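The chain below stands alone and is given as structure tokens, in the form predicted alone.
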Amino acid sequence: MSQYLELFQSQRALIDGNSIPFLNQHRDAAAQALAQLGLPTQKEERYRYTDVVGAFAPNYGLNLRQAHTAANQPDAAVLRQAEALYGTLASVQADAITALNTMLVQDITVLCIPAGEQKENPIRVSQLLRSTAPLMQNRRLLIVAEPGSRARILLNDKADEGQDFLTTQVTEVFVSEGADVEFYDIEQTHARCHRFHQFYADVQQGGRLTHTVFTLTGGLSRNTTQVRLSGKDAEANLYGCAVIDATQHCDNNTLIDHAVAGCRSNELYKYVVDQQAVGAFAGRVLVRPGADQTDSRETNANLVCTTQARMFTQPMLEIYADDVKCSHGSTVGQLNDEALFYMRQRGISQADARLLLKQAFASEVINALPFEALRGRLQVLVDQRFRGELNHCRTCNLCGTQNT
């Protein structure tokens, strides 16, 4: 951790000078919080399954000379709104990785969906890592869906092979009254990538958030997702699917905070863990005092394909209100021997039978997504992933050719 604080102090002028001005206002508080908190160790409950200190220990290069052109600057009204909202959900005092990102980040992507606007096409935010030396990248995304608006945001992360990468990203999403936001986070990196994504959202009255994270290829992935339902009739749907093998590590930690009465949440995460991979899921649903008539369901199902693979799961319900309907469950199992035998009896090879069972297992998450076009594309990618045909970047045109 000290290397990042020393870098910040020694290069403060360069960081500030090549950054969007209002980001600089939060750096001192973030640095103080990071120095006080320290990077989380595995003794901390929220990070017990991921070695954060080890992931951040190597020396990575940073590109501190960011270029900001006038064409990339938001208009004055959007900039004022972003400045007012920035950091209000992502507290630097509560999370060290958020603090580190806030201390070093130099640019921000701001998406503002005007009131009543219904976006027909998804907004694509594509990230491709390329470097000739180990590289650290810190990114920030702020999304504001004004009342009655609707939008789909597709985040796709890729990385060129042959280099070490460390990525931190902090996303803040504000879903206003009656707005509908679908956020899809799809990772297709490689084994030498360490990726930390801290996602924070607030959903107001009658608003709906659908958050989906798909880990298809990568190295070490840690996703922190925190959603607050702050208005009556607010709704949150969280979906996740991880297909991991070799020595991949994927850790999803979620919190759905039912802060008021009459809100709904649904959570479904599935893992297929093969070879020596390690998966982890910890999902907490908090129902605060007075949040009556809460309706919440949480499911985590996991398929462990070898004796060397490991899966850790911890679904949690914390209820301080009456008149609620809440359920949670978790399963960890292997491929069904009876189903394998049944398919073998009908002439299906052992390899194909195993493949079909894995595909069927992951399809439940894909079929739950409201974005029909993406469902079809994800089904193809998952099929390629199970067949070993997915070449992290070059075989996928999910992002298209245009970045937003």
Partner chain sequence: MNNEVQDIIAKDYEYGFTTNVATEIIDRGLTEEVVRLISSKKGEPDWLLDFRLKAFRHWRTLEQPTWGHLNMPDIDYQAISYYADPTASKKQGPQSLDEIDPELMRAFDKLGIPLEERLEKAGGMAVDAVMDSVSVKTTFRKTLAEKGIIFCSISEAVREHPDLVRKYLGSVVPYRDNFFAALNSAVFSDGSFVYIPKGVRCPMELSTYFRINARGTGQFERTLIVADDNAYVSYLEGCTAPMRDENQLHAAIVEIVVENHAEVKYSTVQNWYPGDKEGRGGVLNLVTKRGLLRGQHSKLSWTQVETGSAITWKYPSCVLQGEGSQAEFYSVAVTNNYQQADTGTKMIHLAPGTRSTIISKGISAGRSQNSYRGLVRMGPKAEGARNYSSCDSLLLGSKCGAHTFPYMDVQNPSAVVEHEATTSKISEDQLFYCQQRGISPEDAVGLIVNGYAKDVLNKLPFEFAAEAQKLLSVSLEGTVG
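Residue numbers count along the first chain shown, from 1. Note that this is a predicted model, so its numbers are computed, not measured.
One more form of this protein should be noted, the form predicted in complex with its partner chain, which is absent from this view; the next part is about it.
- Val332 is the sole member of Ile108, Ala259, Leu79, Val332 with a non-hydrogen atom within 4.5 Å of its partner chain in the predicted complex.
- For the residues Ser327, Gln118, Thr132, Asn121, the 4.5 Å heavy atom test against its partner chain in the predicted complex is passed only by Ser327.
- Stretch 317-325 is the contacting one of 229-237, 317-325, 260-268, 133-141, since its residues have non-hydrogen atoms within 4.5 Å of its partner chain in the predicted complex.
- Every residue in the set Arg48, Thr306 and Thr313 has a non-hydrogen atom no more than 4.5 Å from its partner chain in the predicted complex.
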